[in-house]
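Shown here is one chain on its own, the form predicted alone, set out as structure tokens.
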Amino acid sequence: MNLLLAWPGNETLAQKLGHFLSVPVESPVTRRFPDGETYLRLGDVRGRDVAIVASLDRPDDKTLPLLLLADALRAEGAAGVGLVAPYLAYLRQDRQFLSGEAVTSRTFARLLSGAFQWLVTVDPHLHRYHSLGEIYSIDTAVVHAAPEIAAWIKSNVERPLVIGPDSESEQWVREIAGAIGAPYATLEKTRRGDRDVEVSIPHIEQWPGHTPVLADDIVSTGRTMVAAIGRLAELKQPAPVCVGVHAIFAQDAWQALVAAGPARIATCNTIAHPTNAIDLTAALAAGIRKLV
């Protein structure tokens, strides 16, 4: 690979990756016509292996222009086209829950597999799939954020107690806690809707004097963390540190989480956000090197 293209909003991460990989970084010219269609213009890409850096939060706004860009690269003679998507969308709908539902994870995978030769991402939200290879027909590399999250907690939180959002997260939070010799727990959660969550924190009294660290892979509505902060306050526990991999913060989630009163909020730089404090650039560069 000898060129990185930064999709708008991904320039900072692309520049960091370019530094790690000793690869130049450019940005395509892109704008919207008055009717909403996308205009794209490239520099000289003939014979070059190109990777686009584009995190796929808010995917409906990005996907079609991204596919157009990949096609334009091939038309202009690029030798190869890869995708660095630190956040990978459309993994939620992994089966039909109700008759007639679209299994959009498979459709999205076919679209990207048809446009790119390889894909690098961070901690995709695989639930019923064992790997991306079940739905993606291209080479993929998955980067795991747990080591960098563990290192950040060790450097920034005294006597941490790592708390996962639900029982399914136990293996993940155990890995983070184990790397720094910290205890861990998981919430017991009842979700009544996207924005209505009730949580309990079993046996937290056995870790007096520890700082709770609420860790989650995707911070979308933020309601699990908000509910957990409230529950910790009821139990007379210290204000927690909130840590997330992917800072989606849909609608008013960011404001709601700040208002809940955490001690700090820190996220990985998979999606550009003011809370980005955990740098995955080196890990992403290593993932890219596995494929190119």
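Quick caveat, the model's predicted, so the values are computed rather than measured. Numbering starts at 1 and runs along the sequence shown.
Below, we turn to the form predicted together with ribose-5-phosphate, even though it does not appear here.
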property: Selected contact from 219, 176, 120, 214, since only one has a non-hydrogen atom within 4.5 angstroms of ribose-5-phosphate in the predicted complex; result: 219
property: Among the candidates 74, 106, 189, 154, the residue which, in the predicted complex, approaches ribose-5-phosphate to within 4.5 Å (heavy atoms); result: 189
property: Site test, 125, 165 and 223 vs ribose-5-phosphate in the predicted complex, non-hydrogen atom cutoff 4.5 Å; result: yes
property: Answer range among 50 to 58, 237 to 245, 37 to 45, 223 to 231 for contact with ribose-5-phosphate, defined in the predicted complex as heavy atoms within 4.5 Å; result: 223 to 231
